[in-house]
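Below, in structure tokens: the form predicted on its own, a single chain.
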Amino acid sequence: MSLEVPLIAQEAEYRELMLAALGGDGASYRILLQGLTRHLRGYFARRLDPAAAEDAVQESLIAIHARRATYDPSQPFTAWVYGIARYKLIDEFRRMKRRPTVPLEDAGALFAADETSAALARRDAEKLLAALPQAKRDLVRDVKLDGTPIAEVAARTGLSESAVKVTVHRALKSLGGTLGKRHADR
């Protein structure tokens, strides 16, 4: 069992190191690249043979260095790194002209390792929910995001089940209108 901290868990630390590096701090950049090297080795070791994994790590570090100016500080750093690593993995598969294969018993760990999409979706949902009043926001979060049964939410809030359903429905309709307006404004 690895005691290594997942890359996503170190988001804040790595983001700060990247921002310092972009500001010209060479020591921060070295620390960042050393940390990323450990994470990338683990990422590629689960997917490639040892020699190909090391090549992919080096290619990823080169790409991170070459594209460091494209990092948008308003976005999660780990998503940016995983995106680069994913492209390097695809490049490696193409180079080797083979498809990735993983023993069935290891498949769960392979898919569990990358939580970027879920984290980004949760962040986007929270940004959208911020437009709602707190009471409606809590109801939508409980019922739709957390999957709490309506009866349980009704008992906890003192509302009837019908009132919870109607409030959640109206809140979602309001959010849909907000999204539609944003889309039309583009």
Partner chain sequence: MQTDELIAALSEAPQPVSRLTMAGWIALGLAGGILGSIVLLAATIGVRPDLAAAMAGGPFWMKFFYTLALAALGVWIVDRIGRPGVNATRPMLLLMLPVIVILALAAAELGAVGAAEKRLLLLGRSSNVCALLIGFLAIPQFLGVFWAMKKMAPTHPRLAGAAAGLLAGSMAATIYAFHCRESAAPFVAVWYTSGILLTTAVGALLGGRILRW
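Positions refer to the first chain, counted from 1. Nothing here was measured: the structure is a model prediction, and the numbers come from that model.
Although it is not shown, the form predicted together with the partner chain is what the next lines describe.
Participant: Any of the heavy atoms of Gly26 lying within 4.5 Å of the partner chain in the predicted bound form?
Facilitator: Looking in the predicted bound form, residue contacts with the partner chain include Gly26, since a heavy atom lies within 4.5 Å.
Participant: Taking 4.5 angstroms as the cut-off for heavy atoms, does Leu139 touch the partner chain in the predicted bound form?
Facilitator: Taking the distances in the predicted bound form, the answer for Leu139 is no, it never comes within 4.5 Å of the partner chain.
Participant: Heavy atom to heavy atom, is Thr70 within 4.5 Å of the partner chain in the predicted bound form?
Facilitator: Judged by the heavy-atom cut-off of 4.5 Å, Thr70 is in contact with the partner chain in the predicted bound form.
Participant: Is Phe93 close enough to the partner chain in the predicted bound form to count, meaning some heavy atom within 4.5 Å?
Facilitator: Residue-level check for Phe93: no, no contact with the partner chain.
Participant: Are Thr148, Ala155 and Glu161 jointly within 4.5 Å of the partner chain in the predicted bound form, each by at least one heavy atom?
Facilitator: Checking in the predicted bound form: none of Thr148, Ala155 and Glu161 is within 4.5 Å of the partner chain.
Participant: Any idea which of 44 to 52, 127 to 135, 27 to 35, 140 to 148 reaches within 4.5 Å of the partner chain in the predicted bound form, heavy atoms considered?
Facilitator: Contact-bearing stretch, as computed: 27 to 35.
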